[in-house]
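First structure 1, then structure 2: two forms of the same chain, each alone, as structure tokens.
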Structure 1
Amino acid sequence: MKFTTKRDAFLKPLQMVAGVVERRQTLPILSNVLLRVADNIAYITGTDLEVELVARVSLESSEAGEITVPARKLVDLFRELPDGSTINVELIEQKLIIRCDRFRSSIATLPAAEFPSIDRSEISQEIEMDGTALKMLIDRTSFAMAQQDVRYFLNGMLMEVNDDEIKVVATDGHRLAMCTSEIGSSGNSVEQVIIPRKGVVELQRLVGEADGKVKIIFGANHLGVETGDFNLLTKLLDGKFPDYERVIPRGGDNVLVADRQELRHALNRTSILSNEKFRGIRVSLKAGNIQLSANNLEQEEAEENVSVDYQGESLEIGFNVGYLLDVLGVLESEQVRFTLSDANSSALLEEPGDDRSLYVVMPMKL
């Protein structure tokens, strides 16, 4: 194997792939990336047996071959080489030789035949959608995923395709985030998969770099996503996701509309003196006004009044302030709408005039 490449063209894809590789591995081969060269293209593959990412890089010249190389060492070497430099890479006696100007290095390798791959199940459906729309879906919901919950199916994100729309849902049992986008093609069969947290994180990184269309491939036990120069493959979580429609409160008659940034800053200020463990904040509503108050075990307290559009009944309710701030942080509208039934019911948060995203936050006792 032998190839010549520009440092800048090779480094970014290499860094993306190396991000999938776990630093601590029980199998040495999993600390490596697979380099395969064919037809003047380098295919760089990294995996942790749950997620696999393949990048394609065009080369200036090459001789075919394949080998695995320690991911971190390769990234660190390429990062430290001069910007714009030309790099020559050659496999000699199972050592990867890297040359650039007066620099030369020799890296230990492991055989490509030992490199594992994720089993690909039979494909049931493929869809295409805009990369920025997929990024919006993930950005607006991923924060609500559970972390290390014994209900393992909550440690991920539901992706659902139905006719001409795609919907993603995440919940940790205390709050729920849902976002929907049109995919512009009818006739798709109903598809529901649960993507694990690691797969969601890598997908979020990938679509953040993607331009144009992305292809989503649904399999029985895996999900594939293809962009211009990257192919991502992730295993799926097995389990039944909660019936999210049942937990969305409908028909609440206490509706509040507030300036999103003003409310966000007020919540941030007030939360500084909330209980660090439970992060509870008291929300008191009356006509035209919302009062936010918090206190902690040191008998410290904070309070702020914010003018809002509210004509409902007087109401006092407690929330985890972090859950509210997470929602206000991902929305982009100037205003946010809260819909509440009573002090013991969940709050529904939405953007006025935009029904693509909705959020449910359960109340807490203070």
Structure 2
Amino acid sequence: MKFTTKRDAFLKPLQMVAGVVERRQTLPILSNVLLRVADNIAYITGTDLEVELVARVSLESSEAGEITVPARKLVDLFRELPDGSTINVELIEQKLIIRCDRFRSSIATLPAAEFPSIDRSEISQEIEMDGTALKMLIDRTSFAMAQQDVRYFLNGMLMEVNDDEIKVVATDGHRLAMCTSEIGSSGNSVEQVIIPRKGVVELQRLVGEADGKVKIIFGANHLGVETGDFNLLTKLLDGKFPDYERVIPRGGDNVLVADRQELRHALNRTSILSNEKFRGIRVSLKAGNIQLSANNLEQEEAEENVSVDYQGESLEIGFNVGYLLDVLGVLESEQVRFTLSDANSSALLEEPGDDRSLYVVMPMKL
């Protein structure tokens, strides 16, 4: 294996890949990245066994081959070499020789055959969609994923494709977030996968950098996402996601529309004096006005009145304020719409005039 590259073209992708590699590794080879060169393209692969990231870098000249080298050392070397320099990399007798101007180094390697890259067989479907749309899907729902729940299938995000729609759902059993987007092509078959938390985090990081189209690849055991220069693969959670449609309250008749930022600030202020553990807040709805009140174990209390557009019956309902704030934080509209039926039923939160995102928050007994 042999290739020549510009430092600046190589460093950024290398750093992205090395970011996936965890520092504390049980298997020595996992702290390595796999370098594969073919047809004047270098493929850099890093994995922590849950997710795998492959970066593509075009090269000026090359000879094919593959090898694994310690990620940390390679990144550090490339970073410390001068800006704009040209670097020669060559594999000689199982050592990776890196030359640049008057600098020369030799790094220990491990054979490429021992590198556990994800098996890419059995691809069932590929779809292409807008990168920013995918980013919105994840940003608007990922907060609702459970953390280390024994219902392990909740520790991730459901991704569902149906004809011309892609939908993601996350829930921890107390609240649920769902976001839908158009794919732009129709006739896609139904597909349902659960992406583990780690995969969601890496995906979020990746699509945050990318613009343009991304390709989503559904495999039997993995999900792949391809942006221009990167290819992320994540393992899936092997389980059945709960029937989320059943928990979405339809037909509530008490509809409240409030200014999102105003309500958010009011909730933030009031929540300071709520019970730190349960974060309960009492919401009393009257025509045209809601009163937020909270108190804690030290008998401290706070209340605030917010004018809203509300014509329904008087109602008193408790919520975990954290759940409400999470939702208000990811929405982007001027206003927010609550749909409630009574004090014991969950609330539906939406953006008025935009039904792509939908949130369900369970009430709390206070």
Partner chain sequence: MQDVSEFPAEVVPWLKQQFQSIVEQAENNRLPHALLLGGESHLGKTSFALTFANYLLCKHSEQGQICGNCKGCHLTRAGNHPDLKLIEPVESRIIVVNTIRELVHWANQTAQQGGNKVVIIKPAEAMNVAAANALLKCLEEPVSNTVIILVSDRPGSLLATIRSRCQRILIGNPNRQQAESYLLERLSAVEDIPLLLDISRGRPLKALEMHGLGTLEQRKLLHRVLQKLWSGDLLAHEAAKQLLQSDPEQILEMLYLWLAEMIKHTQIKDFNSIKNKELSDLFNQICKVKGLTGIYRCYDHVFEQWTALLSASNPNKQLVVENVLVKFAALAPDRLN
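Keep in mind that this is a model prediction, so the values were computed, not measured. For residue numbers, the reference is structure 1: its sequence is counted from 1. Only the largest set of C-alpha atoms that superpose within 1.5 Å between the two forms is called the rigid core.
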Structure identified as the form predicted in complex with its partner chain
2
After a core superposition, would you say residue 305 shifts its C-alpha by at least 2 Å between structure 1 and structure 2?
no
Residue shift check between structure 1 and structure 2, rigid core fit, residue 68 Cα at least 2 Å
yes
Is the shift of residue 49 between structure 1 and structure 2 large enough to count as movement, that is, does its C-alpha move by 2 Å or more after the core is superposed?
no
Distance moved by the residue 37 C-alpha between structure 1 and structure 2 (core-aligned, Å):
4.5
Having superposed the rigid core, state how many Å the Cα of residue 102 shifts between structure 1 and structure 2.
8.5
